Every structure is written in structure tokens, then in C-alpha cells.
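The chain that follows stands alone, in the form predicted alone, written as C-alpha cells.
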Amino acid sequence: MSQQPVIQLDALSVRYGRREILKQLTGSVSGRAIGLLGPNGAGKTTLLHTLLGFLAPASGTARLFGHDVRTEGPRVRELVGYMPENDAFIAGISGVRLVALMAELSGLPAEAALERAHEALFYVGLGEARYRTLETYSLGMKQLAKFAQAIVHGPRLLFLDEPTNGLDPPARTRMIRLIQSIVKTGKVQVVLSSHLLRDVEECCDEVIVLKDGRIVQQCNLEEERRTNRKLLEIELPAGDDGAGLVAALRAVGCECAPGRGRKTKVVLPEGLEIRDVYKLAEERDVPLRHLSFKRDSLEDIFLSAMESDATQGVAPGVPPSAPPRIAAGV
């Protein structure tokens, strides 16, 4: 029996005035941690706001865990935690009061909301600063406070919009570790919207690339990491010696293609390592004048998507998985 997708898009279009921002998005995603990538203006934040019910679709709709964002907005927001890109704090409020207020707005009773607020702030590392007003917080502390309010009510799905924006390296590392720890619990699924490839690569197992309001690429990073082919470029001497080595490489399962000059591109099969190439060259007394090694990275995937023509809808991705419910906020 098929399991329910986390996010399902049904010909979703969103307009600002006459301008179409999201264009007929169709498909579904269900990874544990989904990276939403794209250049500025690609539609990432617009998509998040539409899923949260802040923006009404011009046509089509979207569903979170089967709940229609058009008709079941309150239920959708009960299931989702949201960390916005921009600050939206109340003047003079302390960290613990803000997080408790957000928990109450998410449906928790006042006493339980306050208890969860203390737990969430200790979890993100703001336990000692929880009674201070937010105006006294550093940028990194404010980002942690936004993270705490997003998880305090125990959501099934967590939307993080540019969570490392403006952070220095130590603060960024701390935020990334928090996101990774949430994902590893297996109790909440994450959508991480960012223009930083490194953040997505470190946290996510599935990636969606947006360009001009369309989804131009979707891939399973876990699958890419498992099956990623190893690409070498070697420079061979002229004559029969080089041809003999190429034949030997093909005999052990390598794919070989000519490059520029005397260079040859070689794709290593599973189980074959670079040392095996050196061994074959040594056995045939063939000097390798140059060898470079590269694996496809998220940067390669992203740049390829940016160069390709935008295609409508979501490509087939990860098989849907049953979305678990987080137990107690933290």
C-alpha cells in the first residue's frame, strides 16, 4: 500500500498582481530532509508561504500530509513549525515569553506552552539567556530563538527559511548541528530553504531546485551519494601504449572516452579504485602524465539545473515515506 506524501503539489500557481511567481507546480516529495534551492527570486519563500496559507494559490492547490492548504489552513499550521528568514519579534519580550506565546498560538495550553518553551530554549542553547529581552540577543541568538519557537509545539514538519543567514562560522556550525540532530531523531521532517549549497548538502537527503517559479531538478542526495560514479581524467603517452591501457581499463569495467589532446576520461565502476588504475598502468609500463579525480557534487547538480531549460512540475523522486509525529517538542 502506498504511503502518503509529505508535500503534494497539484498544478499550483501563485501570482503577485499580474506576475506569476509559481507556475503550475505538480508532484510530491517525501524525504526526511528536503532542500529547497534556487537563486534569489526563484520562488522559494513564496512556495513556503503558500504551503503555510499566507498566500492564496491563483490556481491549483497543495497538500501537507493530505490536508489541503486552501481549505484546511488551521490544521496545516498545527502540523508545521516555521522559522522565517526575517525577524518578527515583539518589542520588550523575553525569549521564554516569545517561545511560550508561539506554543500557545499553535494550540498548547498556557502551562504546557511555558514548560515546552523552557525545554526548547535549553535544547538550542539559550537556557541561560531565556529571561533576557530579545533586543539584547546577538544575531546568532536571535536565529536560535526563532528555531526554538518553530519546534516548541512538536510539529511533524519543520520549514526553515535561510536559517544560517548572516551567521558567523561558529554560529553557522551550531545551527547546522541543530538541524542535523532534529533530522536524526526521525520524529520530524524538514524543509530547508537556502541559497547556500553547503547547508543543503550537509543537512538534506533530497533536493528540489527552483528556477523562475518552476522546479527544474529534483534528486535524492542519499541515492546520489551511494551510486555516484567516480570520474578520472588521465593523460596518456602517444602511441600503442596508451591504447593498450585504455583497452585494459575497459576490460575491468571502466567507461572510457577521449578528451582533449592525449587526455582520456575514465569512469570507475563500483569496487574499482584509483590505485587499481595505477596498477594497470604499472603492469603495462605506461607512464601516466596526469590524473585528476572528481565526484559529482551538489554544485554540479545545481549548475546543471540552472543551465537547463525550466521544466514544469516535480520529477519522480524518493518513494513516499510515512511521516512520523514528533512526540514532545524537544
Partner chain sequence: MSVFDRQYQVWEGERTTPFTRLLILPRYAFRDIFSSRLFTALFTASFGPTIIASLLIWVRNNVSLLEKFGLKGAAIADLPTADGRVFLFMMFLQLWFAAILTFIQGPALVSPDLVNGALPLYLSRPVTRTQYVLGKFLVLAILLSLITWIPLSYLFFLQASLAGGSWLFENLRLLFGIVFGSLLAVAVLSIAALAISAYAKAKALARALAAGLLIIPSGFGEVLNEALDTHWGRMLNVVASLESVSATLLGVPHRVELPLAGGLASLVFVGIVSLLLLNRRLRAFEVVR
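In this text the structure is predicted, and so the values were computed from the model without any measurement. Residue numbers count along the first chain shown, from 1.
If you look for the form predicted together with its partner chain, you will not find it shown, but the lines that follow are about it.
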{"property": "4.5 angstroms heavy atom contact with its partner chain in the predicted bound form for L98", "result": "yes"}
{"property": "Its partner chain contact in the predicted bound form: I93, any heavy atom under 4.5 Å", "result": "yes"}
{"property": "P237, heavy atom within 4.5 angstroms of its partner chain in the predicted bound form", "result": "no"}
{"property": "Contact flag, R174 vs its partner chain in the predicted bound form, heavy atom cut 4.5 Å", "result": "no"}
{"property": "Contact residue in the predicted bound form, chosen from M141, A112, C256, L231 - any heavy atom within 4.5 Å of its partner chain", "result": "A112"}
{"property": "Selected contact from V191, C203, V209, A150, since only one has a non-hydrogen atom within 4.5 angstroms of its partner chain in the predicted bound form", "result": "A150"}
{"property": "Contact test, all of F54, M102 and T185, partner its partner chain in the predicted bound form, heavy atom 4.5 Å", "result": "yes"}
{"property": "Listed range touching its partner chain, judged in the predicted bound form by heavy atoms within 4.5 Å, from 192-200, 162-170, 83-91, 215-223", "result": "83-91"}
{"property": "Residues within 4.5 Å of its partner chain in the predicted bound form, restricted to 112-151 and counted by heavy atom", "result": "A112, R116, E119, A120, F122, Y123, Q149, A150, I151"}
